[in-house]
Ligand SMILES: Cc1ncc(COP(=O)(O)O)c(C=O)c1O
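A lone chain, given as structure tokens: the form predicted on its own.
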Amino acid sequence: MPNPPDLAALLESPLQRDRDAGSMQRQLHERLKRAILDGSLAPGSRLPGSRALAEALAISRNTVTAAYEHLAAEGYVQPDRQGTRVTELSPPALPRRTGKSAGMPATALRLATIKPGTVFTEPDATFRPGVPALSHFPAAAWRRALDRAIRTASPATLGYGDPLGEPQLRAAIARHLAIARGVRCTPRQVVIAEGAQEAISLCVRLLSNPGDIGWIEDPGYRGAKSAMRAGDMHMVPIRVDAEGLCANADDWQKHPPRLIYTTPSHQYPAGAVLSIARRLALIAEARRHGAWIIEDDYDSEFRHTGEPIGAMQGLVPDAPVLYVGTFSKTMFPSLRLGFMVLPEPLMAAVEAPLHEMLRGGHRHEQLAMADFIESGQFSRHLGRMRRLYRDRQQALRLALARHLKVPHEIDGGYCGLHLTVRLPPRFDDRQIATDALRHHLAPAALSGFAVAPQPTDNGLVLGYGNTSAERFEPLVKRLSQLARAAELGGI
């Protein structure tokens, strides 16, 4: 039986009589626990008696006794008639420190396929795509809606709600989509999610098996690629052109998809609108091949030219289309509320699994959002934002024409919160984007959205939603300097 160790020497340094160091009991407990875990106190070792250790450390015996009792409650030591002994711990509880994480279980192989994009550490950096005009959000009206929701809701709303979402919000979304987007649905077909990203991930989990083929737009939304990779799908990039997703007969024959992700109302990031001929052809071919279409109705609420373009989901009855939307741009990103509309036959098949996969939450926010829609506040807010974004886009176009002194072409602009500026291949768009961050600018490199980049996939995606129009001219001048420097080989 091992003899009691010299704990006073083992603990390396005296206990600190300092409030910031914690109580003497906590310090002793932590040091003994660390010595047991790193093997300094071997399994089976008998600890000194509480009186002897208290005298050696010049602390109260009650402090030692309490620390021993705490260790015993956690299972580190075991008291018996002969004293207190260190418990026999299994090897995994006694790690050996090395330069690497020895013995650490491996992560999933799919993680290696999910490539990180640019991390923006400054949320208010200018030209960052996808950020709405946060300073123009009607916070007072939203606060009143939240207050009403909390004041009028029963205590039961503090518990879990319907996993598919609050009935009031599902009904409000169904009515809004029918009027504003031409979507054919009942409230039962609407499922609330934490943003469009979770909705896309749910579509992948519900409708695909590992190895199934998924089509994504190229260049296109990185979140859709991540969702398919996380679902172990075989991802096939389909090029986009001036009319959106460009799938031909060869694509259908060689790579028949299970899922097709598309942004038909405003292709992200190129800004194209999927033509009606291609929409109808895509639906027809998806039916013929047993595929599902995920329609991400990205930025459709902010149409700047002509009448709004209706959703693909409502073009024909019983289309194999899952409609995805979010309030991140129309309200604010941290709200984390999105939704998807499932075809009625599909809803019947997945409703029970969805109840197991989801948990109701954000109930007061959902009720407030329903009130915001039904009271007309949401529509009025959208109207104000459309006018604001239209003015900002026109100002950005003018600034680009005046001050971007490198060859370029502008894509999109019919909709949304960003413009895509294409540059000749000799300008390194990723270098420009990296250099811009040092000047508190956050344009996205167009090539970063492509799976199989082409020479034309070179340029900058400029968000104008959260940047006031009077700032565009000096900002574009700075971008022009950065682009020229990148052409010359760096700054």
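As the structure is a prediction and not an experimental result, all values here were calculated from the model. Residues carry their position along the shown sequence, with the first being 1.
One more form of this protein exists, namely the form predicted together with the ligand; it is left out here, but the text below deals with it.
- In summary, the region of this chain contacting the ligand in the model of the complex, judged by heavy atoms within 4.5 Å and restricted to 257-265, 79-87, 313-321, 143-151, corresponds to 257-265.
- The ligand is not drawn, but in the model of the complex it has no heavy atom within 4.5 Å of Phe302.
- Heavy atoms of Lys329 reach within 4.5 Å of the ligand in the model of the complex, making it an interface residue.
- None of the heavy atoms of Arg110 is located within 4.5 Å of the ligand in the model of the complex.
- Under a 4.5 angstroms non-hydrogen atom cutoff, the ligand in the model of the complex has Ala196 among its neighbouring residues.
- Exactly one listed residue, out of Arg188, Arg175, His381, Arg336, brings a non-hydrogen atom to within 4.5 Å of the ligand in the model of the complex: Arg336.
- For the partner-free chain shown, Asp296, Tyr298 of 291-324 come within 4.5 angstroms of the ligand in the model of the complex, judged by any non-hydrogen atom.
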